[in-house]
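Okay, here we've got a single chain as structure tokens, the form predicted alone, with questions on binding and movement later.
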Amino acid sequence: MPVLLMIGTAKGLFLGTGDETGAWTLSVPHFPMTSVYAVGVDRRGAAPRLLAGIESSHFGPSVAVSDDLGGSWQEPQEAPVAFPEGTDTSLVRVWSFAAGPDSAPNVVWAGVQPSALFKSVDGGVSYELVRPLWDHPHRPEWGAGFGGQAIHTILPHPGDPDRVLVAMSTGGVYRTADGGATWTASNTGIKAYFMPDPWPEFGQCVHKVARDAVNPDRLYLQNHHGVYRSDDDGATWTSIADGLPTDFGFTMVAHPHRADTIWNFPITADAQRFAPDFRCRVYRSTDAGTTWEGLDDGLPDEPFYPTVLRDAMCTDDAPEAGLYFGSRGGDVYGSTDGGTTWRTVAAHLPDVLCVRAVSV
């Protein structure tokens, strides 16, 4: 099944088209010389809607959408994501998109820097600030991670449009069960070794969270040192780091159809941001993190120094889902067998910030 791969980089958005033979065709950059930190796909309409969070050094941050697989893009004259008057805040960039469940067909969420959540009810064309989270009493104490203070994970519950989980660096995990009217910190069991109290209610530097495809109340989390699973929709967390070479990293990806299958790209440590032993290796678990196996067949066997960022690994939604990741060295790799073997999709691109894929 053909696949469209969206590759957001520090110098624009590249679109890769893969066919059944495994060959890939890569576009020239869309939005050249802009940073594309967030890309999203909404499959709920008649055709996939692509979303790109673009950051121009001249025009500032914006969101563009395409309903023809990147053949053309629409960008409103007015900033589609903007903090309202009275917040004394301006948007730095969009970090994440998430389409709502099928029961909320026009809802799209956007997470931004500084840490805030925006909601669209017109399919991602315009957005409004979710004020209850912005006005949360914890917000003045949310800090900034090395990459900035941002909401980078948004996980709507597939069975209940009122339930949404978000995660931020730093601040941790927050959940709502009433459509965003109230929000609760949900970090029980996640360690923040860098804080005076290593088990705080909030303040954790969560890097990414993924939801299990079959059991939606099962979640997987990569923290700033720590890898965790929740079996109660984020209320409590337990470590699943045993079997990984390190508990630091940025990525956490769940299989789109299969239960208990996840992937992770470990990084040695917060002060040593290289792959362990300088080896390019993806780790996979097929038992919800109980055991892990390292996979590197087809990946570079020479010393590997680039980092893989939190949104630079993804799956597509094909029946036999493909797996992809891009590095800050500008190379993108793909697998059609769950990571057992790999091939190069693109090479020598600018710094890869994010990837998303969709079958077409």
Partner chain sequence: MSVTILVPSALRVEVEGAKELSVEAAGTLGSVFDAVDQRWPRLGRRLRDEQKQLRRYVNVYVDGEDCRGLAGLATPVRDGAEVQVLPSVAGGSIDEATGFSVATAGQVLAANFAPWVLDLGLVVTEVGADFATLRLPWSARLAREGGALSGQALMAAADTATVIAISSARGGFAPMTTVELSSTFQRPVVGEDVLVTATLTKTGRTLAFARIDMTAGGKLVAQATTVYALL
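Just so we're clear, the structure is a prediction, and the values are computed from it rather than from any experiment. Residue numbers count along the first chain shown, from 1.
Quick note: we don't show the form predicted together with the partner chain, though the next part is all about it.
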Decide if the three candidate residues M33, P61 and F83 all line the partner chain in the predicted bound form, where lining means a heavy atom within 4.5 Å.
yes
Taking any heavy atom pair closer than or equal to 4.5 Å as contact, tell me whether S90 reaches the partner chain in the predicted bound form.
yes
Residue-level question: is D231 within 4.5 Å of the partner chain in the predicted bound form, judged on heavy atoms?
no
Please check if E75 has a heavy atom lying within 4.5 Å of any heavy atom of the partner chain in the predicted bound form.
yes
The partner chain contact in the predicted bound form: A241, any heavy atom under 4.5 Å
no
Based on heavy atom distances of 4.5 Å or less, which listed stretch (22-30, 291-299, 331-339, 50-58) is in contact with the partner chain in the predicted bound form?
50-58
One residue of A79, M195, A213, A235 in contact with the partner chain, assessed in the predicted bound form (non-hydrogen atom, 4.5 angstroms):
A79
